[in-house]
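Taking the form predicted alone, here's one chain by itself in structure tokens.
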Amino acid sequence: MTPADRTGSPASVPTALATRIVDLAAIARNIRRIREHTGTDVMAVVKADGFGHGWLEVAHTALDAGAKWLGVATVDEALDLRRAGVTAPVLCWLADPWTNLLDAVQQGVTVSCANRETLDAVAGAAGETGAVAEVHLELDTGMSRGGAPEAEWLALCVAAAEFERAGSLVVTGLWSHLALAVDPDPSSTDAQRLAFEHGVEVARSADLAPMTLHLANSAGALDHPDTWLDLVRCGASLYGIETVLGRTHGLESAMRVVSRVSQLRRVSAGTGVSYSHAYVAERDTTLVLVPVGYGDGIPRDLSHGGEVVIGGLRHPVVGAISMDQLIVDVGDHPVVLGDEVVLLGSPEKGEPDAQEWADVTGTISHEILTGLGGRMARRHINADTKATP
């Protein structure tokens, strides 16, 4: 049976060799779960193309599901949202003094500042545009990554208050990021929470009156109520990634990745497979070729322990994964050209998910999802209704 036989006409066969199918309804349900769980406003993090799910589609879905804010890493990401007509509050946290901030300030993007130099640049952009810039100040409470160190925090707050009095900007929020919230132990976030509370007191002593305080990331939002404050920032959890070790919270994976069998061959025991013959068939078997590889974001380490689903059954990936091809050993199971290959799907259906890939390859689900793409198509559906155009 050929693909044309299966679908009715060759024209209906998709051009792309692999497709990421994103269920926007699952994302909406995840957001509603988080809102109901925390009782706070939610910032939906749509950086890195919405973790590979599509930044604009996810943004609209999140806002429709009740998220009040959108979060991005770069100014370009924030301006893409504005150009697409998104008017909701947007926080950008990776601006620096060398970033062109004029459009961001003029378009009402809230810019995070963690040092005096960036604060000066934001104020300068405000002066050039005639707009009042909105700023969130970031304090490092123990992540040792972004944020102002404690020793520099008071000076940053004092400078921000001076710019407020001059009418250049207004500090509408204070925030920090949790390093240890993946640990379900309630005390794992205590030190950072206390450091943040102290930082808020320092800011207020410098005559700042921020309206929004936010500390919790996805893990904090799921399992650390003391960190919820006014707003929780959720990225991974929107897309169904469980971030607290040993805990599940009813989140739904939103992405399914499928391809198809494009070649197959029967081989004898002792046949070497792919580069360097790292895999040698132990018995007579059938090998199928799936037309995706590391050029599409398939981790090469899935060559050792990765599995896919064909016809409802799991089969191992064998041999070295190539740039645009991988090989699956299906044994004696009946497989024909054009059969669907599920690379990522639902564990409830016995299919691999991003966490399984992460476990096999020694990374995290976030890296798996954001790494997918290349020549893969992406199709958005709403399982509550119908596919989007």
Ligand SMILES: Cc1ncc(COP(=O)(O)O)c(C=O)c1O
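Numbering starts at 1 and follows the sequence shown. Nothing here was measured: the structure is a model prediction, and the numbers come from that model.
One more form of this protein exists, namely the form predicted in complex with the ligand; it is left out here, but the text below deals with it.
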Original post:
Mind checking whether each of K47, F51 and N217 has a heavy atom within 4.5 Å of the ligand in the predicted bound form?
Top reply: yes
Original post:
Would W93 count as a contact of the ligand in the predicted bound form, using a 4.5 angstroms cut-off between non-hydrogen atoms?
Top reply: yes
Original post:
Does V122 make contact with the ligand in the predicted bound form, using a 4.5 Å heavy atom cut-off?
Top reply: no
Original post:
Though only this chain appears here, would G173 touch the ligand in the predicted bound form if you measure heavy atom gaps against 4.5 Å?
Top reply: no
Subject >> Interface membership of R378, the ligand in the predicted bound form, 4.5 Å heavy atom rule >> reply: no
**OP:** Sort through 78-86, 286-294, 228-236, 198-206 and report the only stretch with a non-hydrogen atom within 4.5 Å of the ligand in the predicted bound form.
**Re:** 228-236
**OP:** At a 4.5 angstroms cut-off on non-hydrogen atoms, which residues of 343-375 are near the ligand in the predicted bound form? List them in order.
**Re:** H366
